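In structure tokens, one chain follows: the form predicted alone.
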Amino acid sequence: MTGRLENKVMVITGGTDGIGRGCAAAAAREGARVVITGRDEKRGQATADQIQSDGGDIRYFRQDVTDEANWDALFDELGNPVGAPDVFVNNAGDCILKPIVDYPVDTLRYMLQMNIEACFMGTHCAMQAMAVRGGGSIINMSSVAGLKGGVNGTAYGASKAGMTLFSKAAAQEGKPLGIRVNTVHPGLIWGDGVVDAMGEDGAATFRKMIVARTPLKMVGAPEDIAGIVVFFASDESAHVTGKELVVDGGYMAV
């Protein structure tokens, strides 16, 4: 099936690499007019250039999702070349894993800022814009860590669990406005971010543990999440809101 997102305007925060980049590429292939945001201008423009070379309609906008002024600038920019979004994906986030006894309070505040506060600001702005245009779909990228506790994941898990409940409440508020809000909960999706968070040795050990405990005996790729995001973005999910969809190879089932 092609053209599932034809002419839809789709904004993806943290779209410069990993899951965000995979979602951007998939959305562009389905006909969406894509805007990706992120702090790394070099990586963001390279991602946009690559997707454009493959025939996609995509723009890159530099954004720090923790800065409220950046959100105003983003939506001012959207109003001119592409218009209000039909789909908004709060994908930007961070993961810092440490034992709770070693976890600095400042780092906890940063995690909450990245994974909850930024999601709030994105949803807030997107809902305002979508209410004017008559509806839309908001997709918030949570994690299996937001559904199940894990060692060294107290701050990360709390932030993602907060995002999940926030999204359910937002879905209730969005109903009369024609706005759907859903969450995606990836398991281990392999990419540079995993190594950045854990180091090479830690990431390798974690991967082996996850594979051993996962019924499908594999870790995921950004493309595995991208297909789910396209579904939530498309009219195929028009009757779905306030839901969480787990994409983890069966990890949560055991």
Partner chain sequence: MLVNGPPDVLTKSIGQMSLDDLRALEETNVVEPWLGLKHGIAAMRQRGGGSIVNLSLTLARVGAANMSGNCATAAGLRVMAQAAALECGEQSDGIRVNSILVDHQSSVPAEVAAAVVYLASDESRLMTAAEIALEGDGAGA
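Being a predicted model, the structure only gives us computed values, none of them experimental. Positions refer to the first chain, counted from 1.
Here the subject shifts to the form predicted in complex with its partner chain, a form of this protein not shown in this document.
- Stretch 168-176 is the contacting one of 72-80, 87-95, 168-176, 129-137, since its residues have non-hydrogen atoms within 4.5 Å of its partner chain in the predicted bound form.
- Although the partner is absent from this view, D64 stays clear of its partner chain in the predicted bound form, with no non-hydrogen atom inside 4.5 angstroms.
- Under a 4.5 angstroms non-hydrogen atom cutoff, its partner chain in the predicted bound form lacks E223 among its neighbouring residues.
- Remark: V184 does not count among the residues lining its partner chain in the predicted bound form, judged by a heavy atom distance of 4.5 Å or less.
- E68 belongs to the set of residues with a heavy atom inside 4.5 Å of its partner chain in the predicted bound form.
- Using a 4.5 Å heavy atom cutoff, P104, L108 and E117 all lie near its partner chain in the predicted bound form.
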